[in-house]
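One chain follows as structure tokens, the form predicted on its own.
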């Protein structure tokens, strides 16, 4: 696996940690593949709970723009590694916990909608600037977010791109617990260990009943990917990305 993603097992809990803090954990295609592999191989390792973590100051800044554009130009809508990761999240039967310190941008926020328990720091902020780049939401967030937080809040987050501070994200149902930054990791691991200690088959059955058929989520991921590809080729998106890249320089 990529050293930009660290995977480690502590008894029945597996931690998948994004490890690119100098780039604010912006995800490359290799990182997506490594994170997907960490999820996909968990059942064979008798893992009962997965914990997704980031760096002390940032959770995930979304896609690495250069890597993302290169993959998109090669013919993919979102890129095969991205879809592999999103499918892994959607089809995962093992409970998912996340430890969020700092900002969660784009897929850094939408991946949390697949998690069962999210612990965030008081400084955490959640944003999805897809539409401002001429694109559409991904990770089945267009399906999950309205169910999770209601249409009005989901529209504000996904379409208007308004960031959610930690307290508002908790009120919206996106996260479970808000703690001081230095307590996030311990609190998330505590939750993961508590989940892992429960009767595993009862957890599995309960989670499946609560989440419903994963095929619906996968179908929405695919539908978003088709629209995403069309949007990526649009004049709106090209102008937005040109402006973004110029601003970044």
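Throughout, rigid core stands for the largest set of C-alpha atoms superposing within 1.5 Å between the two forms. Note that the coordinates shown come from a computational prediction; the quantities given were computed from them, not determined experimentally. Positions refer to the first chain, counted from 1.
Although it is not shown, the form predicted in complex with ligand COA is what the next lines describe.
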Ligand COA in the predicted bound form: contacting segment from 81-89, 98-106, 170-178, 152-160, heavy atom within 4.5 Å: 98-106
All of 22, 26 and 247 within 4.5 Å of ligand COA in the predicted bound form, heavy atom check: yes
The single option of 164, 133, 94, 140 touching ligand COA in the predicted bound form, heavy atom within 4.5 Å: 133
Among the candidates 223, 55, 65, 198, the residue which, in the predicted bound form, approaches ligand COA to within 4.5 Å (heavy atoms): 65
Exercise: residue 129 in contact with ligand COA in the predicted bound form, heavy atom 4.5 Å: yes
Contact of residue 31 with ligand COA in the predicted bound form (heavy atom, 4.5 Å): no
Ligand COA contact in the predicted bound form: residue 61, any heavy atom under 4.5 Å: yes
In the predicted bound form: members of 216-240 within 4.5 Å of ligand COA, any heavy atom: none
Core-aligned CA displacement of residue 242 at least 2 Å between the shown form and the other one: yes
